[in-house]
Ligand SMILES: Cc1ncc(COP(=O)(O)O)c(C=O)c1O
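In structure tokens, one chain follows: the form predicted on its own.
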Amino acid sequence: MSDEGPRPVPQLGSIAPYVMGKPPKADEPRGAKLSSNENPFGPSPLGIAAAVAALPGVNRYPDDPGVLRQRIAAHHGVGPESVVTGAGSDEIIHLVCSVYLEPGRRMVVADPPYGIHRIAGQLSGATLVRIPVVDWTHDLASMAAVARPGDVIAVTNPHNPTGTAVRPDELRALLATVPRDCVVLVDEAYHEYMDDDVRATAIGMLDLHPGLIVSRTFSKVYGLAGLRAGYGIGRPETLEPLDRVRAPANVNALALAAASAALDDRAHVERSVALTREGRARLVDACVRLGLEHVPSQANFVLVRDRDGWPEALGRDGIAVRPGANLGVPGWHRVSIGTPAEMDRVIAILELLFG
């Protein structure tokens, strides 16, 4: 009898773990966490009230997913059978890869990829086909050109870690070009933060490709990252296998209640978007003025090239930002947009160093 213990699947050895953004030091009185692209303006008040009201019922399994699926469907103008829910959009990504990938199949991703796309694809045993970004943006034409039958093609729009967005016409061209049995997963976690003149959702493109799945999350603009709720939208026949294999009650009762209510909290969404766009513009303007190389962003963060120790200077002032080495972009740091006061501190430090 062997005493070596259980052995993980072979592909696990090649998977680098996802490293979450670190918070400031616990003893830092002015700590600011700008490392995880969270909503610094707090959770939806309607969502929190609904979660509190749901607390007395947590001895029961939650409605699975019942009301939330109905609310999401109505919000986007689709049928409930076109919605699948998950513990954050990351679970939707893992479900897609577990259902539609296996050893011998391929996953086409941008390079650098979103970390969860990479991990979920590798865990499935699929081969990752990395297509380098052009001007920090998905090269959708090249991704379409390499696509083979049965591939999963992952597009993050806006992209993480670069913050760039693809043009709707380019996405439509990809959907019209790739084999019909491909799954095209469009991750729209940061959709609400995009400028009005470029914001277009792939949800309106479901008629173009049978394998299109659009993932969304309640973690960003709705401010519910700690509760873990997300969803996917697609054709019923494409989502049915995901719904069949997801864990029962995979979205907990508090998350279901909070997410259902947060969908109606337009005031919170509009305030969060407006303040985030304002902070993003201020940071970009400072980078331009101070000669700091950066990537123009449509998300709630800006990728800034390392130079003369500015990330360390922020850290000494209790401001945590995300090292690019963890995200596939060594030599850069990703700065999440914080409150106006937090952005004042970031910009003041940059001006002290480079002004």
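What you see is a predicted model, and the numbers here were worked out from it, not measured in a lab. Numbers follow the displayed sequence, beginning with 1.
The same protein also exists as the form predicted in complex with the named molecule; that form is not shown, yet it is the one meant from here on.
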{"item": "4.5 angstroms heavy atom contact with the named molecule in the predicted bound form for T217", "value": "yes"}
{"item": "T85: touches the named molecule in the predicted bound form, heavy atom cutoff 4.5 angstroms", "value": "no"}
{"item": "Any non-hydrogen atom of S89 within 4.5 angstroms of the named molecule in the predicted bound form", "value": "yes"}
{"item": "Contact test in the predicted bound form: R106 vs the named molecule, heavy atoms, 4.5 Å", "value": "no"}
{"item": "Single option in Y100, Y193, Y114, Y222 placed near the named molecule in the predicted bound form, where near means a heavy atom within 4.5 Å", "value": "Y114"}
{"item": "The unique member of S260, T156, S272, T164 whose heavy atoms fall within 4.5 Å of the named molecule in the predicted bound form", "value": "T156"}
{"item": "Residue stretch of 165-173, 184-192, 232-240, 262-270 approaching the named molecule in the predicted bound form, non-hydrogen atom distance within 4.5 Å", "value": "184-192"}
{"item": "Stretch 44-63: residues contacting the named molecule in the predicted bound form, 4.5 Å heavy atom cut-off", "value": "none"}
